[in-house]
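Okay, here we've got a single chain as structure tokens, the form predicted on its own, with questions on binding and movement later.
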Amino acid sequence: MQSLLIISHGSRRETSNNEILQLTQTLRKELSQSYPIIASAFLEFSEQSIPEAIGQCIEKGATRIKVLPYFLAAGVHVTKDIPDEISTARLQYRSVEVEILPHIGSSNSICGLIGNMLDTGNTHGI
């Protein structure tokens, strides 16, 4: 069974972490046919570490996990920390395929998204 794991930095601000949890809930509704299991994890400052989230996905029946780094730039978390965590998970769960997707900021759709936000006035103060 295919699953999606969204990994974000995590924040000391609970409302910031809640944004990721809400995104995860929305994606569960919108992508449930393709991804019956959708979870989120945080690198720092919040509950649900990457190993915990991967373990929970597997307990729910995941045999393939796509990991989406929810980051705009390819800093150390995207280039080292997340790959290191995934390497460890691959060793622990050899029968599960774990694939790291490109980080959000690398998408060609980012410029269109920014343009759309500006055109619709949906900028939330940016």
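Residues carry their position along the shown sequence, with the first being 1. What you are looking at is a predicted structure, and each value in this text was computed from that prediction instead of being measured.
One more form of this protein should be noted, the form predicted together with another copy of the chain, which is absent from this view; the next part is about it.
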Just to confirm, residue 21 within 4.5 Å of another copy of the chain in the model of the complex by heavy atoms?
no
When the contact criterion is heavy atoms within 4.5 Å, does residue 87 count as touching another copy of the chain in the model of the complex?
no
Is it the case that residue 37, even though its partner is missing from this view, gets within 4.5 Å of another copy of the chain in the model of the complex, heavy atoms only?
no
Tell me, yes or no, whether residue 47 is in contact with another copy of the chain in the model of the complex, where a contact means a heavy atom of each within 4.5 Å.
no
Contact with another copy of the chain in the model of the complex, heavy atom within 4.5 Å, among 79, 63, 92, 32 goes to 79
Candidate spot 1, 43 and 55, all three in 4.5 Å heavy atom range of another copy of the chain in the model of the complex?
no
Checked 70-102 against another copy of the chain in the model of the complex; residues with a heavy atom within 4.5 Å, sequence order, are 70, 71, 72, 73, 74, 75, 76, 79, 101, 102
